[in-house]
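Heads up, the chain below is alone and in the form predicted on its own; it's given as structure tokens.
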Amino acid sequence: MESKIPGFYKLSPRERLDIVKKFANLTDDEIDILRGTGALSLSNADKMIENVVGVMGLPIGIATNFLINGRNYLIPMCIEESSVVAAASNAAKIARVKGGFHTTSTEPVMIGQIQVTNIKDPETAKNIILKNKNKIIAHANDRKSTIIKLGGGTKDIEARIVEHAGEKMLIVHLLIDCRNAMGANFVNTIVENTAPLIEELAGGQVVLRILSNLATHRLARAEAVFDKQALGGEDVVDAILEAYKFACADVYRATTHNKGIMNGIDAVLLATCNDTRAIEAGAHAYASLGGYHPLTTWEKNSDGDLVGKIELPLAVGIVGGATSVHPVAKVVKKILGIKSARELAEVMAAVGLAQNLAALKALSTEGIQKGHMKLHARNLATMAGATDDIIDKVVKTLIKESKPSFSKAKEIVEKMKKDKVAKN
């Protein structure tokens, strides 16, 4: 099946689930997991974190139209913000005109840091560490581990001298291939076990031993050509480029520019139960290298079409942690059809690029609020007590208002309910 599904948004949740079931070959039990709003039992939740008292539910939507490296994807996105899923779907539809998204990624290598202090001669200590690289790598990988058996483990060593308040310290980086895991526990175990050898070789005192969330060796990239006509014409292309220049020139705008990218990426992270905080920290730190800048780049090609690219660290996993425990995350991974952590990272990069295109297009043309208005009106109608039989009429009436509000929604709902009672 193709991920391009006309009218998907018009279908009922049950009808959408039927399509997703066929697309991903889901079982009836897996559909029941998605259909159940309490899909995470209290007992399962109690195994995931401490002091559990309940479960917080968030909606999962499906972004359609994604064509990535020639393959169709339906993208589950877990998010509370309206219009994000629709925006990603629309951007992906435009990208399909010129062949969809093309993605690549580096090996899933994380950085494990070992801090060495109280060193008399940091430069000499640094050279000793680098000369003993092979010994350190052999020591780090001398352990029973499924990841190491699968070809992962420590691959290289780096050493840096950093200074704070006049005190120099040696920072040793173990570059550790985590295969299909995010790798936090794996990396932390290796650096903790390797620290005594580092301390002995450097002749100082080891303090911290922990992974870094700035995963500069674990990058995902995506690019796409967006047809100028599908975007709305060359004027729209030029307007988007002007908006991009604003983000390049101003850190305040760049921050919101990148937040929009993470709207899409975070939604997929959450749906797959990956670590949103780690990815957010890494993405914004990566954007800060050399001065805070946009995570995407935009330009016009010789045909006048818009070309977008994105690059950022995405340390995600498909095994271990909550992604292997949460029942919904398991179904989400099946819908995505991903086979590796690198593939998941590349899908997320494509979603981030799509989200950025959608935001730039909306901001530089009709403004961001128009896209939000219908779903905002539906939220107001629901809060005001609109029932299923009148909610669509309430939304239509509310949208006509220049400034929809809760009080107006309440007024419309009460009037429609009175009219209904009078007719009966």
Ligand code: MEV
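Residues carry their position along the shown sequence, with the first being 1. Since the structure is predicted, the reported quantities are computational estimates derived from the model, not experimental observations.
Here the subject shifts to the form predicted in complex with (R)-mevalonate (MEV), a form of this protein not shown in this document.
From the list 127-135, 251-259, 329-337, 288-296, the contact stretch for (R)-mevalonate (MEV) in the predicted complex under a 4.5 Å heavy atom rule is 251-259. The shortest heavy atom separation between Asp303 and (R)-mevalonate (MEV) in the predicted complex exceeds 4.5 Å. Leu363 belongs to the set of residues with a heavy atom inside 4.5 Å of (R)-mevalonate (MEV) in the predicted complex. When contacts are judged by a 4.5 Å heavy atom cut-off, Thr154 does not count as touching (R)-mevalonate (MEV) in the predicted complex.
Val394 falls outside the set of residues with a heavy atom inside 4.5 Å of (R)-mevalonate (MEV) in the predicted complex.
The contact with (R)-mevalonate (MEV) in the predicted complex, taken as any heavy atom within 4.5 Å, belongs to Glu81 out of Glu200, Glu163, Glu123, Glu81.
With the partner removed from view, the residue among Ser105, Ser212, Asn263, Asn72 that has a non-hydrogen atom within 4.5 Å of (R)-mevalonate (MEV) in the predicted complex turns out to be Asn263.
Interface residues of 330-360, taken as those with a heavy atom within 4.5 Å of (R)-mevalonate (MEV) in the predicted complex (partner not displayed), are limited to Ala359.
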